[in-house]
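The chain below stands alone and is given in structure tokens; this is the form predicted alone.
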């Protein structure tokens, strides 16, 4: 019989992991709202965030914070280049065609990363040391607090950007009706470009903040990307906030399942939950009628 302290430990760990899934899922939701497609290269932006930070640390010997900011900027540029070269030219392509292109881009980016950095795993220094913090009978690493804190900041910034800036309102208009937004004078393709830029930056941030706990490698984005996609589906693909909620739900269920049943089922739980949501509530936990698109 598991004690309440152990259950609390599982929940804390699940919230931290769920924050990562939620940030990645948020990136999926932003691009889906702007384009109607699912960007399966999102996991590679996660990988690039961690790997580029490690590379910059070893190459430039700069303070960690500068390397993190530069890594996010470089990953953002990769996202912009990807949109300009692979998505923007396909003006009349069907969504499924673009989805296939994103899968191909994912394989391409991962292959380039393997050639550049090899197949080894690389550590990234934690932001605030490695001394565990006792909290209500459970322990949590300082890096977990960074993950939770940055997730809260992203939620706040999301609200401010999409509801209180001209570009955010334009992106929301495009997500509701791109044709009407274009007739109103909004540059829809520019909004798509901005969505890829924001999504790639969020993916890079997720890869950076989780790297001190899990290490990073050229293929780390595969599973994280899939779980971020699961989070977006669970919460509701039409809502960035729903994606964050879905990430929390997925992370907690995954952690409880690993602790109470078996760690061997940890990755399988994500897809079991996804199948259950698709079967019983295809619109996600919030449901399309009860959410606003990002």
Partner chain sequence: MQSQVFRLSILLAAIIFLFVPAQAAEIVKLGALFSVTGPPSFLGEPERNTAQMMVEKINKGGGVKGKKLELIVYDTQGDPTKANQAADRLIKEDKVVAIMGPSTTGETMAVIPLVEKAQIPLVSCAAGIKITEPVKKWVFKTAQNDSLAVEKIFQHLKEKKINKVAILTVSDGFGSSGREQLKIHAPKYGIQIVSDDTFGPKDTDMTAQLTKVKGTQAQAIICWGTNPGPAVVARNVKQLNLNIPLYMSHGVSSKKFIELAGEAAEGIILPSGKVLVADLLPDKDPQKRHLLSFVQEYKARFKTEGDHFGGHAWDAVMLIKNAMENSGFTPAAIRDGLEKTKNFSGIGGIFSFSPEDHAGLTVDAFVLVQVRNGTWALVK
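Bear in mind the structure is a predicted one, so any value in this text is a computation, not a measurement. Just so we're on the same page, rigid core means the largest C-alpha set that superposes within 1.5 Å between forms. Positions refer to the first chain, counted from 1.
One more form of this protein, predicted in complex with the partner chain, exists but is not displayed; see below.
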property	result
Options 148-156, 67-75, 115-123, 171-179; stretch whose heavy atom lies within 4.5 Å of the partner chain in the model of the complex	115-123
Contacting member of 186, 192, 80, 140, with respect to the partner chain in the model of the complex [4.5 Å, heavy atom]	140
Position in contact with the partner chain when the complex is considered in the model of the complex, options 85, 223, 160, 93, heavy atoms within 4.5 Å	223
Residue 60, heavy atom within 4.5 angstroms of the partner chain in the model of the complex	no
The partner chain contact in the model of the complex: residue 197, any heavy atom under 4.5 Å	no
4.5 angstroms heavy atom contact with the partner chain in the model of the complex for residue 35	no
Residue 215, heavy atom within 4.5 angstroms of the partner chain in the model of the complex	yes
Core fit, then residue 62 C-alpha moves 2 Å or more between the shown form and the other one	no
